[in-house]
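Presented below, as C-alpha cells, is a lone chain in the form predicted on its own.
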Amino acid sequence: MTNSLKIGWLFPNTLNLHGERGNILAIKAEGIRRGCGVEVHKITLDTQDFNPMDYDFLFCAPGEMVHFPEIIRFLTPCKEELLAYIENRPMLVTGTSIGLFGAEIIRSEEYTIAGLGILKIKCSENKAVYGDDLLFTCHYNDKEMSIIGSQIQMMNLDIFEEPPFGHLNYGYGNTGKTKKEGVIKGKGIFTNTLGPILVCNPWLTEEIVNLIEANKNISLCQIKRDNTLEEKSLITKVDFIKNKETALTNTTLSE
C-alpha cells in the first residue's frame, strides 16, 4: 500500500467556526513527520461523486446550524458508506457539527431539523452561549489519554445509550449535568472539544495516524514525537483549572 495519506475535509467553506482548520494541519504535520505524503481534499456542496471510502481520515468542523439542512441533503446518499467508514477508519467531528450525524437537531427558534441518524442522539441548541475549559479522559485506538481543550456551549447533546467519547474531569460536556463528553462510534470521534483538539493533544493525533497506518498496512513509525512542550502545557492548564475550581468553591461558600 502507498505511504500517502488522503484526508477529506468536509465543507470547509461552510463549516468553519473557531479556527478548527488546525486539526487538518495537525494530521498533515504528523503524516509528514512520519515520511508520508499527505493529500488534503476539500469536499464542498459542489463536489461530485463523494465517496467516504476514498479517504483515510475525514474531518468535519463546527458551523452555523442554518447551513445544516443543505449539508444533510448532500450527505444522505452517503449514509451507509459513512457507517461502514467509521467501523474501522478515523473520522473527527467537532462542536455543533455533531448534530449533523444525530437523529434530530432542535433549534432555539423551536423548530427541528432531521439529522442523518448515524448516531442515536438529540441535539438542542442553547439560547444562551458560554465558553469554558474542558478536561476529560478517553480511550482511542486502545490507548487511554487525557484531553484538554475548550468548549463553546452552543448546544446540549443527549446521547441516550450511545457511548461517550470521554468522561469529564472538568467542564460542561454534553449537557452540563453529567460526566459524559461527546460520542464515539466505531473509530468515529464526535466531540465538543475545540482548541483545536489535535493541536492541543498530539497524543490523540498520533493514535489517529497510527490507525491510518494500520489500515493501510504501513509499518508504524518507530520515531516517537517529542510531546514535552504539550505535556508541560497540559500540567499547567490542569493546575489552572484546579485553582479556578477552588476559587469558585470559596466564592460560593462565602456568599
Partner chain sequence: MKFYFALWYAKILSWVINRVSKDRGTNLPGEKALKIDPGFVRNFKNIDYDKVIFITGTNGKSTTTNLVAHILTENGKKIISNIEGANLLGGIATILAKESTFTGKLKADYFVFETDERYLPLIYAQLPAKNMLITNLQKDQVQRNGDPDFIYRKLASFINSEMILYLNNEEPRSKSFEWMDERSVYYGVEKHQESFIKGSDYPTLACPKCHHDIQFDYYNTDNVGPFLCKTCGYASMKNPDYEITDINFKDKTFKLKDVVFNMPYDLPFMFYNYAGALAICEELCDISPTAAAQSFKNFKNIGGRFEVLKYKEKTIKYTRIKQENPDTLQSAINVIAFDPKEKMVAFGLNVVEDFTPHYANTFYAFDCDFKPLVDSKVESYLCFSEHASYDTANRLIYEGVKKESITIMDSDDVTKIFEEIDKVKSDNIYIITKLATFEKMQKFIEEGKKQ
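These numbers come from a predicted model, not from an experiment. Residue numbers count along the first chain shown, from 1. If you superpose the two forms and keep the largest set of C-alpha atoms that fall within 1.5 Å, you have the rigid core.
The next section is about a form of this same protein that is not shown, the form predicted in complex with its partner chain.
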{"property": "Residue (of Asn169, Thr178, Ser124, Ser150) lying close to its partner chain in the predicted bound form, criterion heavy atoms within 4.5 Å", "result": "Ser150"}
{"property": "In the predicted bound form, Asp49 touching its partner chain (heavy atom, 4.5 Å)", "result": "no"}
{"property": "In the predicted bound form, Arg107 touching its partner chain (heavy atom, 4.5 Å)", "result": "yes"}
{"property": "Any non-hydrogen atom of Leu229 within 4.5 angstroms of its partner chain in the predicted bound form", "result": "yes"}
{"property": "Partner proximity in the predicted bound form: Met154 to its partner chain, non-hydrogen atom cutoff 4.5 Å", "result": "yes"}
{"property": "Among 75-83, 131-139, 178-186, 159-167, the region lying within 4.5 Å of its partner chain in the predicted bound form by heavy atom distance", "result": "131-139"}
{"property": "Triplet His41, Asp54 and Asn88 all within 4.5 Å of its partner chain in the predicted bound form via a heavy atom", "result": "no"}
{"property": "Those residues of 58-91 which, in the predicted bound form, come within 4.5 Å of its partner chain by heavy atom", "result": "Gly63, Glu64, Val66, His67, Glu70"}
{"property": "Cα displacement of Thr246 between this form and the one not shown reaching 2 Å, rigid core superposed", "result": "yes"}
{"property": "Shift in CA distance, Glu245 and Glu144, in the predicted bound form relative to the form shown here, given it is 3 Å or more", "result": "farther"}
{"property": "CA-CA separation of Glu245 and Thr137, closer or farther in the predicted bound form than in the form shown [shift of 3 angstroms or more]", "result": "farther"}
